[in-house]
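Heads up, the chain below is alone and in the form predicted alone; it's given as structure tokens.
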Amino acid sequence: MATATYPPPPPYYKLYKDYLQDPKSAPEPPPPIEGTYICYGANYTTDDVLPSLEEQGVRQLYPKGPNIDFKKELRSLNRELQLHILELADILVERPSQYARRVEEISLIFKNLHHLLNSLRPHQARATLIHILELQIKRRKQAVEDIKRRREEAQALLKESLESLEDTGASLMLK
């Protein structure tokens, strides 16, 4: 009985038999996936959209709409979170059996905070990209200034050496 260390190659390797003579003979790669797909039993989508809290089955604690004051709402949720944590500590001391409701409320606040922060990600990415581009422009301007300065130094050295050669040539002529 013979055993192989490696399994045989997949059968589609035969599609590439003339690749060295004619690279265009190979089949085209498959098109990119668009829409939803299943990977390891979970559904995924290629749409890069942040689902709303309602779609996730979570109650939204801040106002709805496009004109949200993120700073104000994040501060408000943070204060509310601090209050609920203090209340949880109080309940754990006085009535330990009633902590579950407070934990659920804290979890809801954290989910809302997390969603607000995730909705700021596109703005953060844009600001980061702007910062990177500004740094690149600054570095390139510095490189151009450095090249100009070195060019002026080189021209001054050439001029100086030319003058010293002319002085040496003139002094040799006089002798």
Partner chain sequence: MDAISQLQEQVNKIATIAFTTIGTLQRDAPPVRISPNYPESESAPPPNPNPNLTDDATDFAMQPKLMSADLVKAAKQFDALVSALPLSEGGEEAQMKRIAELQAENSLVGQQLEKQLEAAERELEEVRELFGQAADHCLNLKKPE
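Positions refer to the first chain, counted from 1. These numbers come from a predicted model, not from an experiment. Just so we're on the same page, rigid core means the largest C-alpha set that superposes within 1.5 Å between forms.
The same protein also has a form predicted together with its partner chain, omitted here; what follows describes it.
Colleague: Though only this chain appears here, would residue 42 touch its partner chain in the predicted bound form if you measure heavy atom gaps against 4.5 Å?
Modeller: No, residue 42 stays farther than 4.5 Å from its partner chain in the predicted bound form.
Colleague: Mark residue 113 yes when one of its heavy atoms lies within 4.5 Å of a heavy atom of its partner chain in the predicted bound form, and no otherwise.
Modeller: Although its partner chain is absent here, residue 113 would touch it in the predicted bound form, with heavy atoms inside 4.5 Å.
Colleague: Any of the heavy atoms of residue 26 lying within 4.5 Å of its partner chain in the predicted bound form?
Modeller: Answer no; every heavy atom of residue 26 is more than 4.5 Å from its partner chain in the predicted bound form.
Colleague: So in the predicted bound form, does any heavy atom of residue 70 sit within 4.5 Å of its partner chain?
Modeller: Yes - in the predicted bound form, heavy atoms of residue 70 and its partner chain come within 4.5 Å of each other.
Colleague: Would you mind checking 126 to 162 for residues with a heavy atom within 4.5 Å of its partner chain in the predicted bound form?
Modeller: 126, 127, 129, 130, 133, 134, 136, 137, 140, 141, 143, 144, 147, 148, 151, 155, 158, in sequence order.
Colleague: If we fit on the core, is the Cα of residue 64 displaced 2 Å or more between this form and the one not shown?
Modeller: False for residue 64: its C-alpha shift is below 2 Å.
Colleague: Can a Cα shift of no less than 2 Å be assigned to residue 128 between this form and the one not shown, given superposition on the rigid core?
Modeller: Result for residue 128: yes, a 2 Å-plus shift.
Colleague: Taking the rigid core as reference, does the Cα of residue 142 move 2 Å or more between this form and the one not shown?
Modeller: After core superposition, the displacement of the residue 142 C-alpha between this form and the one not shown reaches the 2 Å mark, so yes.
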